[in-house]
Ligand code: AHN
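Only one chain is shown below, in structure tokens, and it's the form predicted on its own.
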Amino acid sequence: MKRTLIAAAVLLMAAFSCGGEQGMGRGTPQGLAEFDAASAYGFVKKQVEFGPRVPGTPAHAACADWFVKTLRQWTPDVVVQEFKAKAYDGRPLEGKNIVASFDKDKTDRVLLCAHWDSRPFADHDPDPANHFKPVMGANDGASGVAVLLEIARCLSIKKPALGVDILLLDLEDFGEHRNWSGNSQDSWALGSQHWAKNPHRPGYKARFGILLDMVGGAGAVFPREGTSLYYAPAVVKKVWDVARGLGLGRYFIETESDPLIDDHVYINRFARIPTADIIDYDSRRGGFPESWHTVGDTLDKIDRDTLAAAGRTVLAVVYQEK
């Protein structure tokens, strides 16, 4: 993912239990509407087993099929939004946004989202020889999706008071290579840009949205991100208050970060759904995790406790809504 900073002008409860790891739902705890960290870890592992989910590759196509099959275990209302886009260098791209809806006829809704593609270039790897190799994306991509898959399982068992849409966004991470001479922040989050202008249901509205990105790394911290504070301060407060109430303040820190370009920018801007980003960004270490956009973004970087912190918080936010 991500990115350069947005220009200054744009600035403007459930405890978890441990079950077995699973691939297509096998080993998932039955009958428990509690966030299960080992189950979420299994969902990260399964995505990584496909290989880098770079658009246009067999791994990308196979993983999309698996998402649809997996989500349909928990809701019949799963749609695939296919779309075309252009990469920063003009090459044609084909993407797939995947939407799973719970209680689709309820008009009062919450949107939960994450990107599922992985970056085609490890252009921030310390070894320049890796700068055109694909990124596995265990944390940057798979972790957020894994948390949402586990939340989907929970929602199928215990319904919240309002409808929920889980949106897996494609083509988030095909932004310009660091050596590219252009300077287009809108080369990122292509799936989000398309969905925000063309939602899966005409006239779609949601009370608020939450975006998950890089929510699986050991030692992760989630600051109050700048773009979220501009567009969705009440959502940020809601989420961080819940996390603090769950005793997860060491993850959901009170520090305000720089504004970041991520999928939520376009959901806020075009769909006008106030959406907050839960993302690992620590200014004390220079920003994103060391594995960000490197060949080192692999399964060994994933920490179950971090997945649980993000998942428990989001699930609690959804269940408290009336």
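All values reported here derive from a predicted model rather than from experimental measurement. Note that residue numbering follows the sequence shown and begins at 1.
Although not depicted, the form predicted in complex with the named molecule is the subject of the following passage.
Chemist: Is the named molecule in the predicted complex near all of Trp116, Asp170 and Tyr266, within 4.5 Å of a heavy atom of each?
Modeler: None of them does, since no heavy atom lies within 4.5 Å of the partner.
Chemist: Using heavy atoms and a 4.5 Å limit, would one call Trp188 a contact residue for the named molecule in the predicted complex?
Modeler: Contact with the named molecule, yes.
Chemist: So in the predicted complex, is the named molecule close enough to Phe50 to count as touching (4.5 Å, heavy atoms)?
Modeler: Phe50: no contact with the named molecule in the predicted complex.
Chemist: Examine Asp262 and determine whether its closest non-hydrogen atom to the named molecule in the predicted complex is within 4.5 angstroms.
Modeler: Within the cut-off, so yes.
Chemist: Using 4.5 Å between non-hydrogen atoms, is Ala142 touching the named molecule in the predicted complex?
Modeler: The answer is no: Ala142 has no heavy atom within 4.5 Å of the named molecule.
Chemist: Can you tell me which of 150 to 158, 104 to 112, 244 to 252, 171 to 179 lies within 4.5 Å of the named molecule in the predicted complex, counting heavy atoms only?
Modeler: Of the options, only 171 to 179 has residues within 4.5 Å of the partner.
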